[in-house]
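Shown here is one chain on its own, the form predicted alone, set out as structure tokens.
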């Protein structure tokens, strides 16, 4: 039983780690010669930090990154303003005992990929570079995948194939699903990594000639690195040469600063903003995840974070089905993730059009702690009077009387059962935690709360049988015979 994952970016590597820690053989194939070299997606949301903590890379993420720095705005050489991310958004991020990571964490994508790749290796997996998935054929028993290595085409067999191979996904194209949306035809975004001399302090440096943020040149300090990420959006008829000299000239043109010298261009890319999403996340034994399924504006930094959670959602379900759970469990991947992707597309498009300009519109939530699967096929809440927290919501963290935290108990590939108010919870072959009280859970009286392996609440009930029935649907052997 194997899974082939096309693409060794954050999506594919998250999925592979999920499978590997459950003992599921997984092959990660990528046509590139190595990991992506640039900083591209660099802001990890509080929810993504929780996911990475669960995957066992929380310490590496903290060591490799830094809190998201403030924005420093310039008019020429004059510093005209400094604002925190919260001030730029017009809203504070959630905080409290139920939120262990209350800030956006800055970590360049190349380092995120390295951390996840290293974790995969620790778990016994690996990445096969120079291996391009170009097509496939599927039948009732599996998928025959066409792989090209060094110009040689071979066919390889797997139980499932996951296309996590980016916005130009070969798997998506071979699958023939729709990819509807829009392309912003009148603008291009230039992005890359470079060293810079002449800037002081650790900031998101927003350089302008006369305070006009619509024609800015951004230089973002990258953590534990001498490099900056530069970002500039421009009309299609004003694109500079994709060289160090071209970037230097654009920076001077937009800032009036000839005292800043750029050098050592490590990576550069020019792209059009696309806002698109597939009409199917699953066709038979083939799945799409991350940019292969939905592409966004980079505004508000939701693309990488949403993609990681695709892999996190799909991983435990694939493993469960390969272990004997009903195949219908895999249909819930699309049912849960498609509405989230659609919402994020709307949010990122709104933020792109807002472009740091003042607005009276409600501030979008970029923390992703409010992502919910309420009303979905895996959310069961049979209480007569449901509370503020519902099945389908993220399971909050909370301190326990023995000094641990709930996230310490959740960490790992298992379900967890929380028993409130003396509720019966015997006979389950999974961690059971008795919770005296918790404001974050808003649970009155005796109740059972079943937390899924991906940290979302599957069940809130007073019935042991409801929990048993649920486990029978989603995980073979997780519930003892009743």
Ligand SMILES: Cc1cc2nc3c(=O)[nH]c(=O)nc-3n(C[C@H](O)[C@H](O)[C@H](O)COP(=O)(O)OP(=O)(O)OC[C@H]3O[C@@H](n4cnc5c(N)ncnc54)[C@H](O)[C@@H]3O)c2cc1C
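Computed from a predicted model, the values in this text were never measured in an experiment. Numbering follows the first chain given and starts at 1.
Unshown form predicted together with this ligand; subsequent notes refer to it.
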item: Answer option from 132, 159, 393, 334, heavy atom within 4.5 Å of this ligand in the predicted bound form; value: 132
item: In the predicted bound form, the one of 240, 223, 218, 166 near this ligand [non-hydrogen atom within 4.5 angstroms]; value: 166
item: Partner-facing stretch of 401-409, 381-389, 99-107, 282-290, counted where any non-hydrogen atom is within 4.5 angstroms of this ligand in the predicted bound form; value: 282-290
item: Contact test in the predicted bound form: residue 194 vs this ligand, heavy atoms, 4.5 Å; value: no
item: Contact flag, residue 458 vs this ligand in the predicted bound form, heavy atom cut 4.5 Å; value: no
item: 4.5 angstroms heavy atom contact with this ligand in the predicted bound form for residue 30; value: yes
item: Contact flag, residue 311 vs this ligand in the predicted bound form, heavy atom cut 4.5 Å; value: no
item: Every residue of 41, 267 and 303 near this ligand in the predicted bound form, heavy atom within 4.5 Å; value: yes
